[in-house]
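First, one chain by itself in structure tokens, the form predicted on its own.
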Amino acid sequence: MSLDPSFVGRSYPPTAPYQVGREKIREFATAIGATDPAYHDPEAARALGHPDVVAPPTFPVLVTMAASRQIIEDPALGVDYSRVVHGDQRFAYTRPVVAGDELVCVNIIEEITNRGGHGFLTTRTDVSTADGEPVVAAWSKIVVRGEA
């Protein structure tokens, strides 16, 4: 089943706020082997001018992957998640994510193409604080493999 290109430009409602916790940042940093003291120690982060521990650059994937369920589970789009392969991920920061942030995501479908029996879906997730301050934009490309 191919993906419908008419979905390009579709935006989904903002997600509920995600409370970024200090321990979640530390756990994530430890899991990926990120040892920068600013990821673990509030005093080290404050010495760099941050209000609390700073999240590693790939941390928003925790929030954006959960938010992307809006797209993946949209029955009208018809993505078969059992056939999905992750193709690409990138981030463009306005400012770092820090402990205490309440983050809200808005998902937008930026591109849909179908080639060789596979669907290619590029999404952008705009992540901001609950107060509307932009934090990061995250792009993700998935490939929905066609029938073999």
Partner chain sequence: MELPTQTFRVTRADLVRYAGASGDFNPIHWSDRTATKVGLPGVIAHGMFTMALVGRAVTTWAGAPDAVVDFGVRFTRPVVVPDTDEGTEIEVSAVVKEVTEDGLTRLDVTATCLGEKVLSQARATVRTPR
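Numbering follows the first chain given and starts at 1. Remember, predicted model here, so these are calculated numbers, not experimental data.
Below, we turn to the form predicted together with the partner chain, even though it does not appear here.
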Answer with yes or no whether N114 is in contact with the partner chain in the predicted complex, where contact means some heavy atom within 4.5 Å. no
Contact between D36 and the partner chain in the predicted complex at 4.5 Å, heavy atoms? yes
Is V79 a contact residue for the partner chain in the predicted complex, using a 4.5 Å heavy atom cut-off? no
Even though the partner isn't displayed, in the predicted complex is K24 close enough to the partner chain, meaning a heavy atom within 4.5 Å? yes
Checked V104, A99, V61, I108 for heavy atoms within 4.5 Å of the partner chain in the predicted complex; positive is V61
With the partner chain taken in the predicted complex, which residues across 81-112 come within 4.5 angstroms through any non-hydrogen atom? H86, G87, D88, Q89, R90, F91, A92, Y93, P96
